[in-house]
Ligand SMILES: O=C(O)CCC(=O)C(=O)O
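Let's start with one chain on its own, the form predicted alone, as structure tokens.
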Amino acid sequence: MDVLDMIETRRYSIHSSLAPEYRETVLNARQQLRERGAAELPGFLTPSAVQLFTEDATYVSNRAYRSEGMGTPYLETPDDGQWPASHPRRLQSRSRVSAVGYDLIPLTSPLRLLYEDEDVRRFLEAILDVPVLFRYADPFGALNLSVMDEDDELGWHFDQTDFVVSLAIQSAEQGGDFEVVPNIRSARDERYDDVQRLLNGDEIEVVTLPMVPGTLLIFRGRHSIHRVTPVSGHTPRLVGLLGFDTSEGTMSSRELRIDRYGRSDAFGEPPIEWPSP
């Protein structure tokens, strides 16, 4: 299937930057990013493409590696001597999730074809209003399939990147909600009191973004704390994570690779396809 056949081009004319629909979509997405740090593009995939992506992701998910641990919202090792025990910099929450790295996603996967498509990259450039986007150079982190099964979750955290691009493929039976407090901090004000109130259970400002298969999400998580609630049921939550950056050559550390993928060395060439399990 051609990439444009996967996308609802009557609504998102990503191949035609001069079309009125294109400009309207881009301006609307930019406004969403300004106002709440997240731009949702529901129905980005056609219904038939959603089914295709689900079947492919289910097949690829057998290669996922599960990581689990406790961490702070700032994804750092806290300095016990600098912060009191109750400070947000030291409060920890649980995360458990599985991931398939880029080097294990087959060349024939529709998720890979979408990620590597130039029209898609230029469309994201327009929404983010940047001169150029580069795909990650990282053979693991450039493209991930995130797999969340029974009892998996992601604790409250801020991202260490300026933005994340994700594609909702399959919802869990229960849970797996993406919750966010938009712009709770800024580059000039950490607003630790507000973060601490949230971590202590005050969720008055929490916004839930629906997990609807086929939705493309551009999310600025550096200043918006967010989490994925615990998953339950037999249907896994499947999400594609598309790695782009405004700088060329983005790589992950050896430590992160081992933690997230269970290995530090990538396969030399991605498979054309995996044999059926």
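Because the structure is predicted, anything quoted here is derived from the model rather than measured. Numbers follow the displayed sequence, beginning with 1.
We do not show the form predicted in complex with the ligand, though everything after this point is about it.
Colleague: With the partner left out of view, is residue 154 within 4.5 angstroms of the ligand in the predicted bound form by any non-hydrogen atom?
Modeller: Although the ligand is absent here, residue 154 would touch it in the predicted bound form, with heavy atoms inside 4.5 Å.
Colleague: How about residue 162: is it within 4.5 Å of the ligand in the predicted bound form, going by heavy atoms?
Modeller: No.
Colleague: Does any heavy atom of residue 212 come within 4.5 Å of a heavy atom of the ligand in the predicted bound form?
Modeller: The answer is no: residue 212 has no heavy atom within 4.5 Å of the ligand.
Colleague: Taking the ligand as it sits in the predicted bound form, is residue 237 in contact with it (heavy atom to heavy atom, 4.5 Å or less)?
Modeller: Heavy-atom contact with the ligand at 4.5 Å: present for residue 237.
Colleague: Which of these residues, 50, 228, 218, 64, gets a heavy atom within 4.5 Å of the ligand in the predicted bound form?
Modeller: After the contact test, the surviving option is 228.
Colleague: Counting non-hydrogen atoms within 4.5 angstroms of the ligand in the predicted bound form, say which of 170, 72, 146, 95 makes the cut.
Modeller: Spelling it out, the residue with a heavy atom inside the cut-off is 146.
Colleague: In the predicted bound form, which of 199-207, 101-109, 121-129, 146-154 comes within 4.5 Å of the ligand (heavy atoms)?
Modeller: Stretch with heavy atoms near the partner: 146-154.
Colleague: Along 166-181, which positions have a non-hydrogen atom within 4.5 Å of the ligand in the predicted bound form?
Modeller: Sequence-ordered list has one entry, 178.
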